[in-house]
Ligand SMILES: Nc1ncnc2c1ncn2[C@@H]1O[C@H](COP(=O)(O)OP(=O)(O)O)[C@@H](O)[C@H]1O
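Have a look below at one chain only, the form predicted alone, in C-alpha cells format.
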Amino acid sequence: MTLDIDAILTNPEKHIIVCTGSGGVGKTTTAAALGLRAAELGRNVCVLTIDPARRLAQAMGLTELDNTPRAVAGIANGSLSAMMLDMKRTFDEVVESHSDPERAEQILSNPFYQALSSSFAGTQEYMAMEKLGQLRAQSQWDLIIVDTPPSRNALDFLDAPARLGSFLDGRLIRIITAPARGAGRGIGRIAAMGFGIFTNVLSKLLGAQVLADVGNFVADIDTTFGGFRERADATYALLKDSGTEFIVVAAPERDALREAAYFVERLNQDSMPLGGLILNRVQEVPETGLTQDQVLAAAQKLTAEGRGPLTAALLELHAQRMEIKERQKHLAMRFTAAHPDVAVQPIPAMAQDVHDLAGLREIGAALANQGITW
C-alpha cells in the first residue's frame, strides 16, 4: 500500500502533521521538504522542530531558528515559516499570558520554577504541546508540521503532559501547599500541625529553601492558571483528531525499521491517526537485465584479462548497490508483512546532502512520486 503524500498535504481538513522516527534517518529534512511542498501547493505552513539540530534553518535559507516563526522567502503559492522550540521561553510565555505582571514576576523569579522550566523531565515535550496548541489557535497557518526529537523520546510528548500534570497535581505537592490553601480555616490549622512534623523531615532531606520554593511555585501556578492536565488534554485531543496525521520516518535498515515498528504500534495503541511510513534513502539501481552474480563475473573476467580496469570497478560498484537494494527490499518487506495496513512511500537516496530549497524540492517531488518501485 503506497502512501499518497500530496493527498494529505492538499487536504484542507488536515491541519497537523507529526513526523516521528529514530535519529539519523533524515526526519528533520523530510519535515522541511513536506513543509515546502505543502506551501508550494498553496498551504500556509509552519514547521516546528523540537530537534536541536540547525539543519532546518540552513536548508531553508534562514540564519537562525528560535521560538518565533520566521518566514521563508521564495515560496511560490502559499507561505512557509519555521521555528525551533525554546522550552523555557515557551513556559515563560504561558506564565505571562495567564497571570498579572506582579504574579508572573513572582513565578519567573522562583528558583524552583527556573529549574523546572529548564531541565525537568518531560517539560520539553509538554512545552512542545503548548506551542503546538498556540500555533493551531492562530489563523495564520492552516498546516503545522512538527519535527519531533530523535529516538523513542520522539513520542514522549504523548506521556509528558500527564507526567507533569500528575506531578503538579500529585499528593506530595498537595501536602506541601495544603497549609497555604487551608490557612484561616479550622481544618487548615489542624492540618498545619501535622504538616509541621512532615515538613521538618522534608526540610532535612531537601533543604528548607527548596521546600519553600516548591510550595510558593505551586501555590502561584495554581492560582494563576489552574491545572496543567486540562490544558494537556486539549492538545492531546487535538493530536487524536482526524485533522492530524502522524508520519513515521525510517531508513531501510534493521534498527531504524525496528524503531519504526515501535512507533507504529505505540500510535495504534493510543488510537493516534497514522498516515503511514516514509522510507528514506532507498537504494535505486538501474535495470540491466543481469543478476548480481553475472555482474560480478563480468568484473572478475575483465580484471583477470587485464582489460578495462575502470569498467571492472564500475561493475563491482553496481553489484554492491544491487546487494544493498536486495537487503533493503528484504527488510522493507518484513516490515510491510508485519504491518500490512501501514501505507509506505520510499524516497531514493540523494547524491548529496540537502542544504537548500532546491534540494528540499527534490525530496518533495520524490515524496509525491508514486512510481518508485523496488
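Note that residue numbering begins at 1 and tracks the sequence as displayed. None of these values were measured; they are calculated from a predicted model.
Just so you know, the form predicted together with the named molecule exists too; it's not on screen, but the next bit is about it.
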93-101, 70-78, 128-136, 274-282: which one contacts the named molecule in the model of the complex at 4.5 Å, heavy atom to heavy atom? 274-282
For C46, is any heavy atom within 4.5 Å of the named molecule in the model of the complex, or not? no
Is there a heavy atom of M350 lying 4.5 Å or less from a heavy atom of the named molecule in the model of the complex? yes
Within 4.5 Å, heavy atoms only: does V25 come near the named molecule in the model of the complex? yes
Taking the named molecule as it sits in the model of the complex, is D270 near enough to touch it, meaning that at least one heavy atom pair lies within 4.5 angstroms? no
D255, D241, E230, E265 - the one with a heavy atom within 4.5 Å of the named molecule in the model of the complex: D255
